[in-house]
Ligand SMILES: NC(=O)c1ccc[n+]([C@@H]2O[C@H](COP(=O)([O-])OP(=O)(O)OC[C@H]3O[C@@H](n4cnc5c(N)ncnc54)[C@H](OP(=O)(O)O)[C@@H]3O)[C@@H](O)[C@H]2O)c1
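Okay, here we've got a single chain as C-alpha cells, the form predicted on its own, with questions on binding and movement later.
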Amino acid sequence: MKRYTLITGASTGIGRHLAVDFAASGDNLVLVARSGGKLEELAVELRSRHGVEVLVCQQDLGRPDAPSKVLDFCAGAGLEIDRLVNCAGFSVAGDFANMPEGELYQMAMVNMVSLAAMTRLFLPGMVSRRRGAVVNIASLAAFQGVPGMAYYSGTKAFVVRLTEGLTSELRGTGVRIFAVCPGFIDTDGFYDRAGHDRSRIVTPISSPSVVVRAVRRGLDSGEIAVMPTLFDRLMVFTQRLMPRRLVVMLAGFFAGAEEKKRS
C-alpha cells in the first residue's frame, strides 16, 4: 500500500509551499482545502512535474464534520497517511471586542477543533503501523498574547500545548509530533483575509521557504517546537527575562494589529 502525506490548507500560502516541497521529495499527496479549483490546478502541476500521485479532497475545515469526511475519503481510496501536516488556519486582526461572532467560531473551528480532530482521527493508524509524523503549523504568537491578535494567539497557544502533551503520550510508538512556530510569513492572501495592514508590522516578514526548512528540520530532529529563524528563537528566549506585561506590550507593537484608538 502506498504511503501519503496529507496537507490541510494546501491551496495557498504555507500549505501550498509544503505541498510543492513534499512532492519534489517524491511524496504522494492528499491535498485538503475548501478551494477545490486551486487544489486541482496544484495537483495537475505536481503530478506533471514530479510524477507523484496527488489526490484532492475538497473540504471546509470550518465545518464540524469535515475531519471525518477527510478520513472517509482516505479510507475509501485505501490510503495510508504516513504524515499529517495540519496547516489550515487564519487570523483576524483588530480588537477582540469588535470581532464578528462568526469569525470567532470559524477561527476556533479551523485553528483548534479541526486540527485536534484531524490529529485524533489519523493518529491510530500511524500508531498501529508504528511509524508516522504529525506536523502542526502554529505561530510565534503562541508564546504570548498579542494585542490586536489576542484570539488568534490563543488558538495557536492551544496548538503548541496540545502538541507538547501528545509528544509524551506518543513516546515509544514510532510516531513523531511537533509544532512549527513561525513569525510573520509572506503568504498570499493571509493579511488581506485578516484585515491586517502589513505596513504596520515592525518585525521581519520571512519567506515561506523558512517554514518549509523548519518542517524538514523537525522531521529530522527531536524538537517539539521548531522556530524557523534566529529572530524567532531570540524572541521566545528573551521573554524569559522580561515581565509578562512588557512582553505583551512589545508583541502588540511588533505586530501592529491593534485597532487605533480615536482621541
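The structure presented is a predicted model; accordingly, all values stated were derived computationally and were not measured. Residue indices: 1-based, along the sequence shown.
Just so it is clear, the following notes concern the form predicted together with the named molecule, a form of the same protein that is not shown.
K.L.:
In the model of the complex, which of the listed residues (50, 213, 34, 69) lies with a heavy atom within 4.5 Å of the named molecule?
P.N.:
The residue in contact is 34.
K.L.:
Going by a heavy atom distance of 4.5 Å, is residue 94 a contact of the named molecule in the model of the complex?
P.N.:
Contact with the named molecule, no.
K.L.:
Against the named molecule in the model of the complex, would residue 12 count as a contact residue? Criterion: heavy atoms within 4.5 Å.
P.N.:
Judged by the heavy-atom cut-off of 4.5 Å, residue 12 is in contact with the named molecule in the model of the complex.
K.L.:
Wondering, does residue 85 line up within 4.5 Å of the named molecule in the model of the complex on heavy atoms?
P.N.:
Residue 85: no contact with the named molecule in the model of the complex.
K.L.:
Is there a heavy atom of residue 148 no more than 4.5 Å from a heavy atom of the named molecule in the model of the complex?
P.N.:
No.
K.L.:
Heavy atoms within 4.5 Å of the named molecule in the model of the complex: which stretch among 176 to 184, 74 to 82, 121 to 129, 94 to 102?
P.N.:
One stretch meets the cut-off, namely 176 to 184.
K.L.:
Sequence order please: the residues of 110 to 132 with a heavy atom within 4.5 Å of the named molecule in the model of the complex.
P.N.:
Contacting residue: only 110.
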